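Here you'll find one protein chain in two forms, each presented separately as structure tokens under the names structure 1 and structure 2.
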Structure 1
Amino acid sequence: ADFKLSISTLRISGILPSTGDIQLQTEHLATRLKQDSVVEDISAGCGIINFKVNRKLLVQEDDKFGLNSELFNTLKKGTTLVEYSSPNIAKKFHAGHLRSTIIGNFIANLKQCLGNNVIRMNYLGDWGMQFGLLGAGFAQFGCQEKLKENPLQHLFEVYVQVNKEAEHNEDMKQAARDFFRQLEQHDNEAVSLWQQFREITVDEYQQVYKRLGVHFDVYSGESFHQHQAQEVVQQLQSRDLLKTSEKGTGVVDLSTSGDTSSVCTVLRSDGTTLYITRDLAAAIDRKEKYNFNEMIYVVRKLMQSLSDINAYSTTGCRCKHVPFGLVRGMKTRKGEVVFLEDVLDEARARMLHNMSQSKTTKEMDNPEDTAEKVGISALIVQDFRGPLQSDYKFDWDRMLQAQGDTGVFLQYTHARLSRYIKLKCPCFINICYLSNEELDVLCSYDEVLYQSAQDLQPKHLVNFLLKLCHLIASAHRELPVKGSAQDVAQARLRLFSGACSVLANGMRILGITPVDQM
């Protein structure tokens, strides 16, 4: 049997009566269970029900190995909008946004793989008082020539300088407030400068996203919902939910007992809107525009529940927030401020060095490109090993190890399998020669994807792929293709082909580009 079910377990757990003849219960249950396209034989043993899998299915699948499972029919399908990454414009892409980017990409890939229509949205932080500071600061410290030479570096320097100035200069603070008010009132000069900041930022971000293998269908932002944010304020007023605080700000009391910690500020005292106000407007607008079935936010801070202030309920859709912890100790050789581009550069450089020192590294056409892909694989696997909501400590050396549970190990296994299946893989083989343990793992691929779809945690898929790689490493030693009888060799080759297909597909869902040479 490929699988066995103990009747004693069912009796102990209360699923079956704990009294009566256990063998009669076994035989009775066996007759009630029905075969399907996967399970081809069900029989009663001594207090055990035996199941045999239809192994012909395993050799009929190629690139879609494990993806045509009937298990996925129980999942809700439809249109899923995933919002992720969401960096702030006019700033270099900080490494702190890496987690949101790769987690959101994984969720979007997974949903798409399981048959959903996916809309990938990058909701940029492109509005708010920080642009008041930047606008006022650029008027005093900015230079258009430096902006053309190194746009985001210059804006970063201006932003640091104006923040220092605003700490002790009340005139600078007032200038920042004035600039943001001009933005909200659509002053031509203020909007033109802001638009310039936004365009150069998106252009530079797209280069970083390209390196990560990430793309977006929609680049949205807070600025898209300025007018609608004021409409949300009016809706809250009409429902008598908006109150004025002692400081003159517009607030909504979310508590049932007057607990001030549950007060949500949606309007500044000068009448300008906040992030939460624009986010409420964005949620309502998205539902009207995209008519999605579910919306998934991937952001670190726990966003205010839209339903809490009776605005989200009007959208009529499922909304899920995916929280995640911090990365501790991420540093590069360049210094304390960690930009994502520097992290990717260092991962590539370290991986290229490791490859040059390894005796097993094969000749390859573009070692820099391979090092880039393997380095990014290492970053992703280190991040996805544990629960997303937990913090984890970043470790360059452990991350880039060729042995152990790392992205480098995944890539090495895939490259090795790819060399195997360059041999001609037969269409018809003697199934009895296929190895039980490796097949059992391959058979569970759909269950792992199903589990990942339930809680949106990549750890299930990462740990499955690592387990598969360890089994394949053993199979290389114990199930040789070369020197075996033809039918045995063909069966083993098919096993390696299926494993390669599952490994490549799983890596792509994680956001990893498989390499064929390493």
Structure 2
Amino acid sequence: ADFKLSISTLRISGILPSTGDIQLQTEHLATRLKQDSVVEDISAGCGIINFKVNRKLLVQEDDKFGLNSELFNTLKKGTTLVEYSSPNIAKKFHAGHLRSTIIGNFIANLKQCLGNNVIRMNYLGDWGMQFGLLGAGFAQFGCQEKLKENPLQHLFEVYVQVNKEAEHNEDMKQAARDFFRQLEQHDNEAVSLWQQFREITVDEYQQVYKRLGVHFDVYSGESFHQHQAQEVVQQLQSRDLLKTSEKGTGVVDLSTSGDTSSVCTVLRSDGTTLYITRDLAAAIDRKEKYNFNEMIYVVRKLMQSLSDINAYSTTGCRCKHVPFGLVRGMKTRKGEVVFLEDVLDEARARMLHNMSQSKTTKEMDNPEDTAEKVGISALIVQDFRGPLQSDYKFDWDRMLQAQGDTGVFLQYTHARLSRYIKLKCPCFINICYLSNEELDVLCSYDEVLYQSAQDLQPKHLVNFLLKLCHLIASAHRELPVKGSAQDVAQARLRLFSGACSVLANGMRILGITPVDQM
């Protein structure tokens, strides 16, 4: 909305001297103020400065609504690599992986929306002794048909079985060691079985991620960096950074002068590398391949030393770690969660059940699809409301409430607003018919995104959208379109459709697909 500023306010507040020619002061000030894409004109009246707001901003309906901010010009832009999700083949997909997946997706969406080139990477746990066990176990308990039919399930079953067996059976243990050695020595048969496990896992994960609205540009993994890990050790050695500890292990001293020394072990005494050595190799490889300006690890715990060494001696780049808290009590009717799919199925089933109470569901084209999208938004909003570092208790009933600060409420509001979008609204409206509160909230969208970009926390955006939805609920009551004079009705319509664009846009950044019916 246009606004004015009187010189007397500035005099009282001491910004301007309390005496002098008021006309001159006004003009002088007006010429010194800068226009931007929101305030398109600044002019001087007598003792008053007028600010004229760019009307075009209020008629944009595309996905750029609210995103013309000068604020974003101050943000660093470039290539951002985000690593997230990163489950381990044949093992459980637990709540930590779910959090990493949705948080990483949010960060990648946000960075992209703010004009960065984003690379989305999944770093699979696809190497290590677990493949020795899996390979040996598959020979005994595996079944190719079951593997094709339900890969994640079958690999997990075999893995559980072989672990049990190996507890008391020395032969099994030996077979596992043998298989892993064959893998490391590139034995054709072992490698092709491993490859099959990996491919099949990635294929199935991709389908489940798709339901969640998540995708990756690259599926990398620990296996990619076996050999490079040794090269990292040599590099560190040639730069005189590798020291030998009393125990005979290879360590890098990360203490900065004056600190008590902190060391990171990168080489066992038998000369083999560790998980973190491969992580370092992976970081260097990523830097070489993608030449990122910044890398973000969305991992619950990252060895501090990893980002230290990265910044200090390997990639020399901005590396950020986004830590997050624990989720307590994530269970489905089947029991403990083992697969991502189980969580999504449960969210959909529960939402479908809730929807079946309402009569609009019967008129819906595809209630399952709506229930899936709404269920997922409930999961996301529950997770994103507080600071990411905090733990929280997973609660199906609370997150799925239609009223209250939930993803269901966001979706409900969006569905209701979508109906307004279908009504025709003129390009130019008289903004005087709109009250400031609603407009101010809509116009603070860019500030909220800016804030989220600073600390990578989704809570700012979530709480902004919830607030917006509450305002929209009262606007539905207090600013009726039907029955109002034409000019007023059109201005209000414009307000509702602007709100709908901002809401949809914000939801998409969070990783939520807005629904048009509910």
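Predicted model, so just to flag it, every value in this text is computed and none were measured. Just so we're on the same page, residue numbers count up from 1 along structure 1's sequence. Take the two forms, find the largest set of C-alpha atoms that superpose within 1.5 Å, and that set is the rigid core.
Two forms of the same chain here; which is the form predicted alone? Answer 1, the form predicted alone.
2 Å or more on the CA of residue 350 between structure 1 and structure 2, with the rigid core superposed, yes or no? Shift of 2 Å or more: no.
With both forms fitted on the core, give yes or no for whether the Cα of residue 46 moves by 2 angstroms or more between structure 1 and structure 2. Yes, its C-alpha moves 2 Å or more.
Would you say residue 236 moves between structure 1 and structure 2, meaning its CA shifts by 2 Å or more once the core is fitted? Comparing forms between structure 1 and structure 2, the residue 236 CA shifts at least 2 Å.
Core superposed first, then measure: what is the displacement of the CA of residue 92 between structure 1 and structure 2, in Å? In the core superposition between structure 1 and structure 2, the C-alpha of residue 92 moves 5.3 Å.
Just grab the Cα shift of residue 23 between structure 1 and structure 2 for me, core aligned, in angstrom. On core superposition, this C-alpha lies 15.7 Å from its counterpart.
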